[in-house]
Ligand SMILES: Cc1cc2nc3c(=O)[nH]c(=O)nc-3n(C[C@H](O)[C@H](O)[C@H](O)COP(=O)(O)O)c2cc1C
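Heads up, the chain below is alone and in the form predicted alone; it's given as C-alpha cells.
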C-alpha cells in the first residue's frame, strides 16, 4: 500500500460499469491515506442509479452513498467534489500537483475528447493536464465490441502516455459475487497507480 498521503483526480463518467467506480472509491476510502478530487458527470449518476438500483440526484449524494457503510474512523481518504462543467477548477491546472488520474468507467465520448485534445468539460481537461504534465492517466473503458474508431482512440491515448485498463475482470480468483468482479478491476487500477493491491494475484 501507499506509504504517503496520496492525491488523485478520480472521475466517473456515464459508461456502463458503475460497479467499478464503487469498488475503486470504496477501497481508496478505506485503505489509502490522502485526499482526492472527485468529478462525477450527470450521466454517471444516471447510469449508477440504473445499474446499482439507487435514487441519487447529485455528486454529493453519490459519495455519501458510497461511504455510508464505512465508519468515519475507518475512512483514510477524503474527496473534494468538483463540478463536471467547471473547466476552471483546480484539477484543470497543471500547477495543482496530483499523483495521477483515473477515469472509471470511461465513456467512449470522454475517451475521444481526450485523444483528440477536445476538452469540453472538467474531466477531459483534467485528463489533458495529466498527460501534459507527464503524470499517470488510467482510463477504464467498458464497451463491447470495440469499433475501429474507438480502438484508434485508445492507441492515440496510449501513445500520449495514458494507460488503457479495459473493464475485463479475470476469473482466476474464482469470483463468487459481483463485488469480486469490481474489486478485480479496482485492484488492477491500484497496482497501476502504485498503490499496492487489494486482492490476491495469479496463483498467490
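All values reported here derive from a predicted model rather than from experimental measurement. Residue numbers count along the first chain shown, from 1.
Missing here is the form predicted together with the ligand; even so, the following discussion is about that form.
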query: Quick one: is residue 16 in contact with the ligand in the predicted complex, heavy atoms, 4.5 Å cut-off?
result: yes
field: residue 135, heavy atom within 4.5 angstroms of the ligand in the predicted complex
entry: no
The ligand contact at residue 41 in the predicted complex, heavy atom, 4.5 Å: yes
query: Can residue 130 be called a contact residue for the ligand in the predicted complex at 4.5 Å between heavy atoms?
result: no
task: Could you check which residue among 50, 69, 57, 168 gets a heavy atom within 4.5 Å of the ligand in the predicted complex?
output: 50
task: Check each of 108, 89, 119, 81 and return the one that places a heavy atom within 4.5 angstroms of the ligand in the predicted complex.
output: 108
statement: Answer among 171-179, 29-37, 153-161, 137-145 for heavy atoms within 4.5 Å of the ligand in the predicted complex: the stretch 137-145
